[in-house]
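Heads up, the chain below is alone and in the form predicted alone; it's given as structure tokens.
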């Protein structure tokens, strides 16, 4: 059963060569980014008082997404609304955002960087719950010994994103 649709979010499409992504904006920024899929919920156009605020956010989202998909570092990001996550998840997502293009970290390295070396599985869970994949680069996190691990968008997407950054993990 699909998740309920939040009527407070503004949903907009981002057409790329890799398919059509769906961006969802809250009153404070980009709240979710969805990989191209069939059967996506209908999109609501930008209307009302939030339209002037959301337009530049959407422009920044499109530019950042297209840069990353082309294997380039984005120049800027939209404001990100990470409020759906726990304090720990938000800390993980902030750590992921610091991984440079073309580099990877392991789940263990992220856990140690957060001062919680025994939280490797929790880091993996936070990566899986990342509401803004690609822009918050959970695809750059690998399992032990450089193995692929999991990915919310599927391993094919993880491989494609890493390959675009010049990386070919096992």
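Predicted model only: the values in this text are computed from it and were never measured. Positions refer to the first chain, counted from 1.
The following text describes the form predicted together with the DNA, which does not appear among the structures shown.
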Among 59, 37, 28, 145, just one has a heavy atom within 4.5 Å of the DNA in the model of the complex, namely 145
| message | in the model of the complex, is there a heavy atom of the DNA that lies within 4.5 Å of any heavy atom of residue 16, even though the partner is absent here? | response | no
4.5 Å heavy atom contact, residue 138 and the DNA in the model of the complex: yes
Contact between residue 116 and the DNA in the model of the complex at 4.5 Å, heavy atoms? yes
Contact between residue 151 and the DNA in the model of the complex at 4.5 Å, heavy atoms? yes
Near the DNA in the model of the complex, with a heavy atom at 4.5 Å or closer, the residues from 101-138 are 106, 107, 108, 116, 118, 119, 120, 121, 122, 124, 127, 128, 138
